[in-house]
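Presented below, as structure tokens, is a lone chain in the form predicted on its own.
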């Protein structure tokens, strides 16, 4: 137990604490700079980044478009690495400074909507899609939607932080969050053993919420941790993750508000279907 850390009586923030996100992490809220957010031509204006939380909404919107719904949207990049989430314009939408945030200018009040689960429910109810009206089925969807909302912080803020982003490797922290991540994969695997989709036999906002986190993890697209976590052991999650990725809407939504990866995986801002078409056309056949 050499060099064991003893917490001080009063915690103080250290600007030099290191880590990939040290420059944008701080213990206070509010704007750091003035900037007006752009507004495109569509009623739905999304301000986001193509992280798992951001992918939930762009995949949802692309699924709605595939269903023939009038869900055209503009998606504006909020680069969290550059601190865009602390602009005055974004803080006015979400005082918590987290992506995504949505404004529906077709609504009577154009009230900002933040938290990905809240946005998914709003869109599902607005367009009457991907959220059952039946009591039992609706409950199942909400159970799994909020399961993800509670479990993803362990995967992203816990496992992902200590395994991939922390300036030092701390065995206790990595073991703690690895155990929880694998437990959650096991929960999901057992659920999918008897269901085509997470909440039953129909695609819902539960799948759209869960896939960007656990689907990407199972496919090896998060944290380069597929061998460490032995994700191949979760065979039902694997099948579901691959089936979801085969959906056109998932492929289209996954590239929006991204500035990393292969050229055919990057679309910083989306204003029309043609924007996505042009990027996907770059993918080798």
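Just so we're clear, the structure is a prediction, and the values are computed from it rather than from any experiment. Numbering follows the first chain given and starts at 1.
Missing here is the form predicted in complex with a further copy of the same chain; even so, the following discussion is about that form.
Proximity to a further copy of the same chain in the model of the complex, single hit among 214, 90, 73, 144 (heavy atom within 4.5 Å) = None of the others qualify; the residue that does is 144.
ask   = Heavy atom to heavy atom, is residue 83 within 4.5 Å of a further copy of the same chain in the model of the complex?
value = No.
query = Using 4.5 Å between non-hydrogen atoms, is residue 8 touching a further copy of the same chain in the model of the complex?
reply = Yes, contact at 4.5 Å.
task = Decide whether residue 201 counts as a contact residue for a further copy of the same chain in the model of the complex under a heavy atom distance cut-off of 4.5 Å.
result = No, residue 201 is distant from the partner.
query = Does at least one non-hydrogen atom of residue 196 fall within 4.5 angstroms of a further copy of the same chain in the model of the complex?
reply = Residue 196 lies outside the contact set for a further copy of the same chain.
Stretch 55-92 - residues with a heavy atom within 4.5 Å of a further copy of the same chain in the model of the complex = Going through 55-92 in order - heavy atoms within 4.5 Å of a further copy of the same chain in the model of the complex - there are no hits.
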